[in-house]
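Presented below, as structure tokens, is a lone chain in the form predicted alone.
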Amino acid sequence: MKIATFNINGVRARIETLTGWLSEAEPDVVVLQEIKCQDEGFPREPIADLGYNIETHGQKGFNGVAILSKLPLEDVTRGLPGDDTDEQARYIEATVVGHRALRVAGLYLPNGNPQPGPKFDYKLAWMQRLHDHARQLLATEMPVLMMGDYNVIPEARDAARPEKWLDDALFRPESRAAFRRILHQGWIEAVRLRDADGSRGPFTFWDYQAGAWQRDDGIRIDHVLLSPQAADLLIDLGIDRDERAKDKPSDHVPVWVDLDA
């Protein structure tokens, strides 16, 4: 089962970008971030025509997440538990049924800038809620994937120029520490399973400004976290870097894993 995460940066503006990648990469399941539309405005038909079931958690103009699946989806939940007053559409979760059942969570973690300030406070509070919910997901002892745009640069090697990000909420010590606390529950970061030499990168995001893509001035903020039971099923993983070079790209590229499921 090939499962991917992709911050599409506006699904209606980039529907051809998305369907082109879906046709070429043929993932079984995709979690999308920044769909930037309400549920009723999601362009379902061209995606459904490719064989996908679609579940969305949208919001007008910004945020918004979705799950696309060629396999049945069960027990779909929307919104991260822990704050009934939070109206931002940043989290969706479902059980995907293949040869075995997997729980897949798609998330769009807050950016947190400018910091310090209320947006950074919201980011850290959201990460604490994610920490608490992640612990509950691990307790189910089923294969679980928490995938998406975490808006966290975990280490200096995850940025081409880490010094550029020192005062950014994505690289603040508080954000990185909150990410590590989640990992230390027992989650495995998929991309780092293939990290043989500890070299710089790979990256998943390049800003549209100042020729960042052309200079490979990127960062890695799109992550796939696997429960131990999901990590045991891992066959392969990858980052579809070439998507960034195509016409009308997102500023993010897909990250995917292939599981024996």
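A quick note: this is a predicted structure, and the numbers were derived from the prediction, not measured. One rule holds for the numbers: they count along the sequence shown, beginning at 1.
Below, we refer to the form predicted in complex with the DNA, which is not included among the displayed structures.
> In the model of the complex, do 60, 108 and 209 all reach within 4.5 Å of the DNA through at least one heavy atom apiece?
Every listed residue reaches the DNA in the model of the complex, so yes.
> Between 133, 157, 119, 176, only one gets a heavy atom within 4.5 angstroms of the DNA in the model of the complex; which residue is that?
Of 133, 157, 119, 176, the residue with a heavy atom within 4.5 Å of the DNA in the model of the complex is 119.
> Is residue 13 near the DNA? Define near as a heavy atom within 4.5 Å, in the model of the complex.
It does: once the DNA is placed as it appears in the model of the complex, residue 13 has a heavy atom within 4.5 Å of it.
> Check whether residue 248 has any heavy atom within 4.5 Å of a heavy atom of the DNA in the model of the complex, and answer yes or no.
Yes, residue 248 sits close enough to the DNA in the model of the complex that at least one of its heavy atoms falls within 4.5 Å.
> Whether residue 220 contacts the DNA in the model of the complex should be assessed with a 4.5 Å heavy atom distance threshold; does it?
Contact check for residue 220: no, nothing within 4.5 Å of the DNA in the model of the complex.
> Is there a non-hydrogen atom of residue 172 within 4.5 angstroms of a non-hydrogen atom of the DNA in the model of the complex?
Residue 172: no, not in contact with the DNA in the model of the complex.
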